[in-house]
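Coming up is one lone chain in structure tokens, specifically the form predicted alone.
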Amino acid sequence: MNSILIKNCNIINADNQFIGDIYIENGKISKIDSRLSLNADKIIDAKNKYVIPGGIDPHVHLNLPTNVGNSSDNFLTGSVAALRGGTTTLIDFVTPKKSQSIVEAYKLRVEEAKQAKTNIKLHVSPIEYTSTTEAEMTELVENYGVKSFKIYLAYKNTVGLNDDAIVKVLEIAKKLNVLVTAHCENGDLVEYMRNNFIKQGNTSPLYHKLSRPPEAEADAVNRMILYSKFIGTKIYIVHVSSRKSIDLIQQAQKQGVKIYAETCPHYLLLEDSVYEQDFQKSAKYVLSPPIRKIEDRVNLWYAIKKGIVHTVGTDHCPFNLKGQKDIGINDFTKIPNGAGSVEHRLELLYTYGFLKRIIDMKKFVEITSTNVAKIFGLDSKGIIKEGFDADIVVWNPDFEKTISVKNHYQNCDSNIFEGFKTKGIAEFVIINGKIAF
């Protein structure tokens, strides 16, 4: 199928909304006009639907290796779940092993990602600073088109960097004019608190939350802001969860610091009482940073509305309760951190953002697609416009469902949004000019 004609479209972009027809040919948006009379291999009537750019999720971890096995979604199952939810591009990560070249790790990850049904882009994580790091980062940018590198201020025993290495990575990124994304938690404080709780016999998932307070996140956010301010590197704070961090980010933006912020659906819709349940119910919410209080949730929605938070990613990294999460039944520090929501991102934001009149449809498109494309240099995506990639979703606003492990596409035996009622669904998902759903 080389051509598709979508008729009677209510087209929503981040900066405009209009009625028209869309003609897709050879993977591109060939023509947009009020009434098109063209022959096509497939004609879709989008009357009473929204037509939006394909979602771009800036933060997923598919097939992530851990000591309890890989995250339960691989590139095939995770990408199918993404498409089902209206997301056509995923940005995953390259996490090398110790002493492994990040160029070699990148090449291996590219091969692994070939089973994906979505478009795949990759952030690269230097997990140590060596004599070859600068040359390897330069090679990735100049020869492989890498646009962003990720650093961890936590997990110092595995993938986290000390501050001297963080500064060096930021300096190289500034020189290369690329973005550095950062997982912001004070890793030393977190490890101290985790170990202390275990010594005291406090082993349940509740102590996962208590060992990673908002102050730990805010401290690391503040450090990244200071580094960015004085080094000049563009930074992007992933999965922002707390009001304390938002206040720091807003202040930095007003001061001209080049800082972007991302949050996730679980921080917008859940509250920390989820940890006050038995293990089987609470373990699935063990992710980092943890779920916060209602006041943090309210402030994050405000930050989205005001443009302080630019994107909503999922940090999609599911693990099964049975055989993975339950390894930590007597020690919360052994529970693999992560949960899945890549297929639910759009329907949750539509239902609990747009329909609740917190955001409008332009903002919905902006935070789920357009801003991600702009921030990470996906120049032909994120907008419905002639000449752009034909990654398009026809959104049915009337479809209703209840999220459940019984009907989700992700490969996991639990769902952190179990029982959530949603309205709206990706009725047609077009990726690179072909119908995926």
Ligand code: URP
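The structure presented is a predicted model; accordingly, all values stated were derived computationally and were not measured. Note that residue numbering begins at 1 and tracks the sequence as displayed.
Omitted from view is the form predicted together with the ligand, to which the following refers.
Exercise for review: With the ligand left out of view, choose which of Ser288, Thr95, Ser148, Asn186 has a non-hydrogen atom within 4.5 angstroms of it in the model of the complex.
Suggested key: Comparing distances to the ligand in the model of the complex, the residue within 4.5 Å is Ser288.
Review point. Out of Gly338, Pro213, Gly313, Pro205, which one falls within 4.5 Å of the ligand in the model of the complex, going by heavy atoms?
Key: After the contact test, the surviving option is Gly338.
Review point. Taking His59, Tyr155 and Cys317 as a possible spot, do all three reach the ligand in the model of the complex with a heavy atom inside 4.5 Å?
Key: Judged in the model of the complex, His59, Tyr155 and Cys317 all sit within 4.5 Å of the ligand.
Review point. Which of 330-338, 276-284, 224-232, 121-129 has heavy atoms within 4.5 Å of the ligand in the model of the complex?
Key: Single hit among the candidates: 330-338.
Exercise for review: Would you check, heavy atoms only and a 4.5 Å threshold, whether His239 touches the ligand in the model of the complex?
Suggested key: Because a heavy atom of His239 falls inside 4.5 Å of the ligand in the model of the complex, the answer is yes.
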